[in-house]
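This document opens with one chain alone, in structure tokens, the form predicted alone.
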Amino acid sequence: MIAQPLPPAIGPEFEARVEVDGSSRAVVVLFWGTSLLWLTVASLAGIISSIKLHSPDFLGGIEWLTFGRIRAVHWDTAIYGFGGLAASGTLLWLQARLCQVRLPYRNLLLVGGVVFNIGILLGVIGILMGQSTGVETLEFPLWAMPLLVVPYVFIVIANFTMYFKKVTKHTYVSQWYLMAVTVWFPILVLSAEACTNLGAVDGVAQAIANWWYGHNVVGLFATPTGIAAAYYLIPKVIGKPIHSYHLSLLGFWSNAIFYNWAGTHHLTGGPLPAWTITLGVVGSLMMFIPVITIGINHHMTMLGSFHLLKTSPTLRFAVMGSMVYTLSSFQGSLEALRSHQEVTHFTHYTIGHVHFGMYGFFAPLMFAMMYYGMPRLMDQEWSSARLIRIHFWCTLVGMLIYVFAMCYAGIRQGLMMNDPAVPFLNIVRFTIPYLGLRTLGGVILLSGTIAFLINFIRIITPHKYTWATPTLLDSERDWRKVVAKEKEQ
């Protein structure tokens, strides 16, 4: 199909958006594209580590693919490779759009993106070579971490530059979260590295610092970026303002105040003062305030527009992410209770909860940003609605299988471990079928990622024959005919 002419520019605002998108194209595509490559690596590493749990001899003769190494690769490439790059691309593009200014320091940001990817690659190689620090979520060797931190300085500078040069007078809800992430993340990484791997504190204080970081890298980095994406995309797609400015204000500040204290609930039962655990429990329960306010805001904004989920890929992923944010956050707050921890601590339940948040909340909102942003950045539409549908259903079904298997098995596992009459070997045998379901869920998630990656490669590949009309979930395109026509020329 030959591309139809785009509608003429209507007013200066439209022209400004086109100019902003043009200025950020190379940087954002680099960050988003490489994030999908790392998500593929993370998913593959996760499948390998999952298989090893129910089939220990799988790849058992390869030293650098032992469970302790490949599992660390899975998590670190997911949180830094996919999460860090996808969130950074989202942050830069959204800030430029909301401020209506061109993206500054493009060459510096491009170099930073390349350096960031090199840092992740070297970190992965270091872990596989046995040079992991052994600290949860900070497993990359110390010599690799500066390559992740320094490029983020460029992002911080660019973000503040855009904000202080903004054309718009209003500060949007999404910008509150984006500005907060820019400040929080460097403080988190530098403080955690100093306290854990550089020896600023000793003993149990290192454990507190570790889980302060491990919890907050999700809650004060991934979560705010995901919420910012939801606050931007849902009103934008359905053409309605956000339901309540005051609720969004309450949600932002309560999230900023309470999430920071929640990490120590992961250390329940450890050799820590009781008040530190209690502080984590209280902080976790207080998170009901931002979660409920944000959930109400998103739901009330969507009210009357749910029929658009049938056709809009962006909206479908955005609403999925927003709904799972509410559910996974409720689950996390309840999980902090000591009575809950007595059953679920040190079980597969925690693994299910973590993946519920990352694959059910954060990842779909980053996908939604890409589905909305890439056509505007590339002046080209997605080639296949079928691949989008495959991506959505694989993400949803794979995530549900994974989370159900791990959470249900974890509860039963915890109850059996608390019963001294049950032999430990019987508990291990009980979990094996659910670990198989975990692997199945991971394979389905990887299949969806590959479908999205194919669509992404197509949209950044220059072609003479393109689509200018939006790709809806009920539309079909024949990519092979387009390529065949182009070869005839």
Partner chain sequence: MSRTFILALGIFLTIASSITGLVIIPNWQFKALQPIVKLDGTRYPEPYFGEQAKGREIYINQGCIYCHTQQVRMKGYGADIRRGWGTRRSVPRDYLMDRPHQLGTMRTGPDLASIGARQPSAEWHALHLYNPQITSPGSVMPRFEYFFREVYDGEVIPNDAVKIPRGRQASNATHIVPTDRGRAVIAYLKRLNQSYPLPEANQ
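Positions refer to the first chain, counted from 1. All values derive from a computational prediction rather than experimental measurement.
The discussion below concerns the form predicted in complex with the partner chain, not included here.
Taken together, the three residues 60, 347 and 427 all lie with some non-hydrogen atom within 4.5 angstroms of the partner chain in the predicted bound form. Checked against the partner chain in the predicted bound form, the candidates 250, 285, 390, 188 yield a single residue with a heavy atom inside 4.5 Å, and that residue is 188. This chain is drawn without the partner chain; in the predicted bound form, the residue among 132, 100, 380, 384 with a heavy atom within 4.5 Å of it is 132. Listed stretches are 82-90, 202-210, 302-310, 149-157; the contact stretch with the partner chain in the predicted bound form is 202-210, by a heavy atom cutoff of 4.5 Å. Interface residue remark: residue 66 is counted as part of the site for the partner chain in the predicted bound form, having a heavy atom within 4.5 Å. Although the partner is absent here, residue 239 lies well away from the partner chain in the predicted bound form, with no heavy atom inside 4.5 Å. Within this chain, residue 432 lines the site of the partner chain in the predicted bound form, having a heavy atom no more than 4.5 Å away.
Using a 4.5 angstroms threshold between heavy atoms, residue 458 stays clear of the partner chain in the predicted bound form. Residues of 21-60 placing a heavy atom within 4.5 Å of the partner chain in the predicted bound form, in sequence order: 52, 53, 56, 57, 60.
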